[in-house]
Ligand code: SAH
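Coming up is one lone chain in structure tokens, specifically the form predicted on its own.
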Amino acid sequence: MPPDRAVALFYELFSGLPRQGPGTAASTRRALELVPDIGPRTRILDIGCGTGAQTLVLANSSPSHIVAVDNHPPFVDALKREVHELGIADRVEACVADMRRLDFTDGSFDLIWCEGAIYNMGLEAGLRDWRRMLQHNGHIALTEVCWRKPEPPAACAAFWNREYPAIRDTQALLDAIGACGYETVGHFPLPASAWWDDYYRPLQDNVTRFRERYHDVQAALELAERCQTEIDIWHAYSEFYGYEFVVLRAG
């Protein structure tokens, strides 16, 4: 199958979801409360915004100015429509951009936000690359998957070692953040509802319909099966891993 077709199938499977990854509005607000001095002059860069679930929470919870970026134009278009309908286009801008090649000038932002997306670059690479865009003593808020318990069952360990070999426990995550020259301001785990309510439950519906629609397309069935495996692993082993929300400050 041509690469463009495979990409189109991937985004079709993930279309129409409230979120493109685990998260909750309450968790976004809780993390934002850890960042001091948020006001009308605060500039936030939301990297990997998807359709903007967390972007809109940030906008509704603060008077800040927000630039939200994602590499998938339909996601950005959906957020633009929502922003205009809500009448907040004067302080929320959505644009298409690759997180690996952001061309904002140095010191453009007070806060960089990234829920469930920094793994695309790798934690260390993202923290190093994005730092130049922060003001002095600027902050980064991010979520990253971590082990919650040692010695996960073999099937769980095999899944994550295949999907994200860089997964580590929370202390190792905090140590890595410190090694990159950041201070951890605060951190907390996302609840199980962050995975199920607005992500896996609607994704399960998409997977079921996707299988029916492409019952004779092998590549589509393989994609659906990979997503089903991810959901099944979470149902069976979610006590062993989860997202950690971390707010950090650059010196």
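Note that the structure is predicted; figures quoted are calculated from it, not measured. Residue numbers here begin at 1 and follow the sequence given.
The next section is about a form of this same protein that is not shown, the form predicted together with S-adenosyl-L-homocysteine (SAH).
Residue Ala97 is the only one of Ile167, Cys180, Cys156, Ala97 with a heavy atom lying within 4.5 Å of S-adenosyl-L-homocysteine (SAH) in the predicted bound form. The partner is absent here; in the predicted bound form, the one residue of Asn161, Asn120, Gln135, Gln171 having a heavy atom within 4.5 Å of S-adenosyl-L-homocysteine (SAH) is Asn120. Heavy atoms within 4.5 Å of S-adenosyl-L-homocysteine (SAH) in the predicted bound form are found in one stretch of 210 to 218, 33 to 41, 180 to 188, 50 to 58, which is 50 to 58. Contact annotation for Phe109: none of its heavy atoms lies within 4.5 Å of S-adenosyl-L-homocysteine (SAH) in the predicted bound form. Taking the partner from the other structure, S-adenosyl-L-homocysteine (SAH) in the predicted bound form has no heavy atom within 4.5 Å of any heavy atom of Gly126. A residue is said to contact a partner when one of its heavy atoms sits within 4.5 Å of a partner heavy atom; Arg91 fails this definition for S-adenosyl-L-homocysteine (SAH) in the predicted bound form, lying far away. Residue contact with S-adenosyl-L-homocysteine (SAH) in the predicted bound form: His72 places a heavy atom within 4.5 Å of it. Shown without its partner, the chain has Tyr11, Arg19, Gln20 in segment 4 to 20 as residues with a non-hydrogen atom within 4.5 angstroms of S-adenosyl-L-homocysteine (SAH) in the predicted bound form.
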